[in-house]
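Here's a solo chain for you in structure tokens, the form predicted on its own.
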């Protein structure tokens, strides 16, 4: 299967990356992470995403949408994952066309995940699923406030788009590690010249590209089993990639000032959304 992007798909990816770089660059990311209070959702940014068609990508043009497909949505969410864009992006995107204002970014929608986690509950206008009695819990990710409620129904599309975010996060961690390995010197040469660091970076790249193939394939087939398998690979690439990135950075990687921990914490959180890795592995084993 050929996964080469078309010219239009490359333009879409570049456009989303430029939009997020201009509206949610590193300064905005750090300001939100360093804020003393729980993070606040940027409603203006949310509306800008709506104007850009982020939430309405898969809506038919006759309904005011962009009229693209699931593969294009995966590319957009991959870029959101690269930027660590906060907010209930997946739930709002999936609500476009069903919840008034979701497509345009005027309405923020969250959902009760099949794990029972509800991100950004207090900042949302609409909750899909039963969040009655939801209680706030401490989130490992400083950019994602959480509540816990009774588990909701699994949604394969939500799983796929979350996997796309994990893919973007994994790619960004790999790029960050490689860049640092080229810049940081030790014993008179870049640390990237040392075999141990080379191996870490190579393994990060392999995991990322393997996850990319699986996520892109699942976006084409929309097969629930392939989606769950892609999510497993994307979770591994994002979590292990951020861990390896931290190792490449050495002691500096463990500091709050470095961005590495933000990618690791978001990857941990996303990996808890949807069905557990163990449940997916058991399902695949039974099928085989």
Partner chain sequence: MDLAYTEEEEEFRARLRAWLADVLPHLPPRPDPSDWPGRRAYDLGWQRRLHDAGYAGLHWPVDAGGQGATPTQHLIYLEETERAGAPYVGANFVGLLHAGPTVAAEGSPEQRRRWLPPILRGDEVWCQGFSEPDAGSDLASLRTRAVRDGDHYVVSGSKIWTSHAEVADWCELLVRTTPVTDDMPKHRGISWLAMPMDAPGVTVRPLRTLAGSTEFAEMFLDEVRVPVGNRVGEENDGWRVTMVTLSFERGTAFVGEVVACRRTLTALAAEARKNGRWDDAVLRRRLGRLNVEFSALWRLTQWNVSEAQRTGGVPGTGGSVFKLRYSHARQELYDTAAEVLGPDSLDLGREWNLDRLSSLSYTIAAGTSQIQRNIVAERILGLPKGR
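Residue numbers count along the first chain shown, from 1. Quantities reported herein were computed from a predicted structural model and do not represent experimental measurements.
Omitted from view is the form predicted in complex with the partner chain, to which the following refers.
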Per-stretch contact check against the partner chain in the model of the complex, the hit in 170-178, 124-132, 141-149, 155-163 (non-hydrogen atom, 4.5 angstroms): 170-178
State yes only if every one of 4, 10 and 233 has a non-hydrogen atom within 4.5 Å of the partner chain in the model of the complex; otherwise state no. yes
Taking heavy atoms and a 4.5 Å cut-off, does residue 119 contact the partner chain in the model of the complex? no
Although the partner isn't part of this model, could you tell me whether residue 214 comes within 4.5 Å of the partner chain in the model of the complex, counting any heavy atom of the residue? yes
So, in the model of the complex, is residue 201 in contact with the partner chain at a 4.5 angstroms heavy atom limit? yes
Residue 206, heavy atom within 4.5 angstroms of the partner chain in the model of the complex: yes
Since exactly one of 52, 41, 29, 220 fits, which has a heavy atom within 4.5 Å of the partner chain in the model of the complex? 220
For the stretch 27-51, return the residues whose heavy atoms include at least one within 4.5 Å of the partner chain in the model of the complex, in the order they occur. none
